[in-house]
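Below sits a lone chain in structure tokens, taken as the form predicted alone.
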């Protein structure tokens, strides 16, 4: 089947966070700046991790049929639901997941907050690896815990883990939990098996529970190879909680459905109790249908989408090399989010944001959002039609030169 990712669906009027809202300081406000009526001054949103591609046809057809039924009552995971999830993990990652390991939540971000509530007492510490997905920091602070950063090292245009620092910080008995972002958002690293082994061993030695956010695991590029953390050893599986969802893979984030996989019953039971205590039960009825259709019938679409996004990445690298060589693009291994080094442009974060947002009329995620280690960088969403990416890059380059 042929899929046309060059078409930009009109997303205005759908309540789209990406296309109808902006952050102005701390305020999250609705805007019409992305409307075509603004012409050359239309704001192009390449920020939040949300594709501008229609979901796979099989998903749309399954949701349409479900909607025709007309009754949208309480929904629970069925045998066919569990089979779709476990078959996907087995087929893609050679990971045999038992159905009783799987708990559903409305998303990975709320799951991480609930996991912190379950396993970390206020005042204790949670380790992250900045620059990193900023909701991790919010979840830690909002639940009364303290952030400890085992900051990534950026050397020779590539990020790596600092294992000596990791060992030193996890030796603190107050560090109870480490959040692993795998693949890493925003630096787009796909950690090698060897890196994951060292990370996992250090956490085991220091009795630190690993929460592995693997929501981007299906989005792998440029010959990188993803290793599911829990497949490395039974010891790692018993000391980890794996957060998964098809939301990034198939553009289903608005259906609010994720699968939290916990092989260890001693960890699974208290988390299940936390879900019960918060009143989170059942599934979004459309999310359940979409997951089954995506995992059972979406692989051809996924392969085509990945090829398109990878071509977008190479287009961007070549374009910036020719027109704005001061900007370096970190190699894309995983996620559809490019991490770009603007430090050589020589602008302060405030001036850079003003230039890109108000002069170029392009909405990006500034690197500072992901921690102080991200200062001088920008995160660019590549999951859009190439025409949008090309126009955004042209605007940025022109604004920088002027």
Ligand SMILES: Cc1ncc(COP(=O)(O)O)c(C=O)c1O
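Residue numbers count along the first chain shown, from 1. Treat the numbers as computed from the prediction; the structure is a model and nothing was measured.
There is another form of the same protein, the form predicted together with the ligand; it is not shown, and what comes next is about it.
**Report entry** Stretch in contact in the predicted complex with the ligand, which is absent here, among 314-322, 215-223, 262-270, 298-306 (heavy atoms within 4.5 Å)
**Finding:** It is 215-223 that comes within 4.5 Å of the partner.
Query - 4.5 angstroms heavy atom contact with the ligand in the predicted complex for residue 331 - result: So residue 331 does not count as contacting the ligand.
Query raised in the report: Taking the shortest heavy atom distance, is residue 159 within 4.5 Å of the ligand in the predicted complex?
Result: Although the ligand is absent here, residue 159 would stay clear of it in the predicted complex, with no heavy atoms inside 4.5 Å.
Requested in this report: Check whether residue 176 has any heavy atom within 4.5 Å of a heavy atom of the ligand in the predicted complex, and answer yes or no.
Outcome: Output for residue 176 is no: heavy atoms all beyond 4.5 Å of the ligand.
Query raised in the report: Should residue 229 be classed as touching the ligand in the predicted complex when contacts are defined as heavy atoms within 4.5 Å?
Result: Close contact is absent here: in the predicted complex, residue 229 is far from the ligand, nothing within 4.5 Å, heavy atoms only.
Query - Selected contact from 86, 247, 113, 292, since only one has a non-hydrogen atom within 4.5 angstroms of the ligand in the predicted complex - result: Selected residue: 247.
Requested in this report: Scan 239, 185, 170, 104 and let me know which has any heavy atom within 4.5 Å of the ligand in the predicted complex.
Outcome: Contact with the ligand in the predicted complex is made by 185 alone.
**Report entry** the ligand in the predicted complex - contacting residues of 128-156, heavy atom within 4.5 Å
**Finding:** The stretch touches the partner through 133, 136.
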